[in-house]
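Form predicted on its own, single chain, as structure tokens, below.
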Amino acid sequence: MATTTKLLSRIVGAAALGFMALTGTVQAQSWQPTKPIDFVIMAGPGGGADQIARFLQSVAEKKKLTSRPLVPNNKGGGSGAEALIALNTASDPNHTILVTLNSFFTTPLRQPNLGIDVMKFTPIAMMGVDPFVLWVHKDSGIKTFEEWLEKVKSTDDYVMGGTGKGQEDSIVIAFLQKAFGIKVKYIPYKGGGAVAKDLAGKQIMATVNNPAETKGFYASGDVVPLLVFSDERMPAFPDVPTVKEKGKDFSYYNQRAVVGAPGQSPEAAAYYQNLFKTIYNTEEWQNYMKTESLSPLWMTPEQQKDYWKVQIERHKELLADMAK
């Protein structure tokens, strides 16, 4: 199945170029927060979403961009259902925002009883997209994707870890199983950080993690990247092939976005949109994207809504494929 990310990159390209020419200052606006801002994180501590939220908070604090602090608040229960419910029922939508990943799309699809319609949420900022990488421990002796396939096919109890059924990594693992005719045992964790830690500790045999979640273990030489799920080879891993090079037209990215609660006022939304536009254009965030291997993908609020529609349909297809 072809990715939508390359297409969307072209769609937003002109907007991104225009944006990057802007100067990074938060202009005076009619609405200002009057109390600390509940900065909900749709995942547990240590994962990519958590790292990004805390980095964004640190930039805002360092540069004194907000009159009230962003307060990180991890709500990763139920594959992000806890966070979605918190936003959907927020008593003060103007002081409640959310850092999302793709469970923003998959969790409402998998749990329709939640009554969550993400199209009612308020678009704030698309801060980038995060590709996935297949990792093994160095002590496995596996150095190529082909060697990995051979190993998995030779055993009935190959164990991989991830953040839960229907989560981003499980979608990628389900693709691998179907596309390459393999079977693995899948152990769910509460967050990507815990998954990466247990691979480094050899509690599991392989993972599909975002680069930022595994960066420290890669730097120390504990883990080895075998395959990337981006459209092109990643600068951080120039010798690691893409799944497309293995003959499969597939790529998969995690959205790294900020959204507001349903019912957020246009004035509050404009405040947050300007805030995160300013953060996006800082040297700190631009460097963060490079060091953490995020792909830039800035969007206007209108483009974000269009992106959500596309991703909802795409994830309907991916989840249906998992169920077959």
Partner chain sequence: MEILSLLSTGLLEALQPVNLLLIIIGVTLGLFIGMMPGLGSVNGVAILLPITFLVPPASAIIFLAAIYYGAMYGGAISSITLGIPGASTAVATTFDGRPLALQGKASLALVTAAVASFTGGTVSIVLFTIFAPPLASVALSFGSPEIFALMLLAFATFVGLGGDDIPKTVLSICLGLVFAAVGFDEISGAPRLVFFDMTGFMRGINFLVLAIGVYGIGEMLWTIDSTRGKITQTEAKISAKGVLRDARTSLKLGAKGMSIGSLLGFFVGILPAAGATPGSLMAYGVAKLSSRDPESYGKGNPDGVAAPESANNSASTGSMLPMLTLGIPGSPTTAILLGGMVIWGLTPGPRLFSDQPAFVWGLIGSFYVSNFFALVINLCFIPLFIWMLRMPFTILAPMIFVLSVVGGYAATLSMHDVWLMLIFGLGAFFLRKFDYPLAPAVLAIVLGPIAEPTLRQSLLLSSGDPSIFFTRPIAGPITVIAIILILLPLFKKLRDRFATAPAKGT
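Positions refer to the first chain, counted from 1. It should be emphasised that the depicted structure is a prediction, and the values quoted were computed from it without experimental measurement.
The protein also exists as the form predicted in complex with its partner chain; that form is not presented, and the subsequent description refers to it.
None of 174, 234, 85, 149 but one reaches within 4.5 angstroms of its partner chain in the predicted complex through a heavy atom, and that residue is 85. In terms of contact with its partner chain in the predicted complex, the residue from 181, 141, 216, 241 that brings a heavy atom within 4.5 Å is 216. Of the candidate stretches 249-257, 141-149, 124-132, 106-114, only 106-114 has residues with heavy atoms within 4.5 Å of its partner chain in the predicted complex.
Taking the partner from the other structure, its partner chain in the predicted complex has a heavy atom within 4.5 Å of a heavy atom of residue 185. At least one heavy atom of residue 57 is located within 4.5 Å of its partner chain in the predicted complex. In the predicted complex, its partner chain lies farther than 4.5 Å from every heavy atom of residue 211. Although the partner is absent here, residue 81 lies within 4.5 Å of its partner chain in the predicted complex, judged by heavy atoms.
Using a 4.5 angstroms heavy atom cutoff to its partner chain in the predicted complex, all of 62, 190 and 220 count as contacting. Residues of 249-272 are not found to place any heavy atom within 4.5 Å of its partner chain in the predicted complex.
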